[in-house]
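One chain comes next, on its own, written out as structure tokens in the form predicted alone.
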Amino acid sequence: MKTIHSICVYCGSSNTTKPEYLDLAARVGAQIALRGMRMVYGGGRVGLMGRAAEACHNAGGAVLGVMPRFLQNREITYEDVEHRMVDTMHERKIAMFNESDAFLVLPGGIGTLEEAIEMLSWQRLDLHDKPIVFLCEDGFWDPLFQLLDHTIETRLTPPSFRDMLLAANSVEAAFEAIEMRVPA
């Protein structure tokens, strides 16, 4: 079994979301550090992104942030951790992909959704076999899974795609799901 060295965390950049989501992000960041993994993320200091990175860093973990230059003022680069500056969102996403062995998707908005769906699409096209786990303790991602099931039921997506869809309702379950899906 391959070892997970780096885990990419996709999550929201909003500071005004539910406190429970910010807490979840902090718990995930701390667990990444405790498990000896490096956290790869979008590079910001705001919202769930910032909370996860700060918790990982404060717990002694390695963190790599990938920040597009045009977002520096909006997402506020987290200067206390290693970061890579890029020019475009496409460069950000490919750098995060290349630096990661698995993906953990926390609650987030359209950007988080877009990143996660792209990784699922690439997986569906056999461009990678890295685990992708959606973590929500309150059913946040349930509507997305219902939509994806609908695409399967209407025969627009093959039934085998359902096996790629991993959901966890606790931090511990998320890491277990990732470890179960790590390719040899």
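Every value quoted in this text rests on a predicted model; they were computed, and no experiment measured them. A residue's number is simply how far along the shown sequence it sits, counting from 1.
The protein also exists as the form predicted together with adenosine monophosphate (AMP); that form is not presented, and the subsequent description refers to it.
Q: Okay, which stretch from 8 to 16, 158 to 166, 171 to 179, 21 to 29 lines adenosine monophosphate (AMP) in the predicted complex, with non-hydrogen atoms inside 4.5 Å?
A: Partner-contacting stretch among the options: 8 to 16.
Q: Each of Met37, His57 and Gly60 having a non-hydrogen atom within 4.5 Å of adenosine monophosphate (AMP) in the predicted complex: is that the case here?
A: Not one of the three qualifies.
Q: May I ask you to check whether Leu71 falls inside a 4.5 Å heavy atom distance of adenosine monophosphate (AMP) in the predicted complex?
A: Yes, contact at 4.5 Å.
Q: Answer for Asp101 alone: is it within 4.5 Å of adenosine monophosphate (AMP) in the predicted complex, judged on heavy atom distances?
A: Because no heavy atom of Asp101 falls inside 4.5 Å of adenosine monophosphate (AMP) in the predicted complex, the answer is no.
Q: State yes or no: in the predicted complex, is some non-hydrogen atom of Ala95 no more than 4.5 angstroms from a non-hydrogen atom of adenosine monophosphate (AMP)?
A: No, Ala95 stays farther than 4.5 Å from adenosine monophosphate (AMP) in the predicted complex.
Q: Spell out, yes or no, whether the shortest heavy atom distance between Leu135 and adenosine monophosphate (AMP) in the predicted complex is within 4.5 Å.
A: Leu135: no contact with adenosine monophosphate (AMP) in the predicted complex.
Q: Are there residues in 94 to 120 with a heavy atom within 4.5 Å of adenosine monophosphate (AMP) in the predicted complex, and which are they, in order?
A: Heavy-atom contacts within 4.5 Å come from Gly108, Gly109, Ile110, Gly111, Thr112, Glu114, Glu115.
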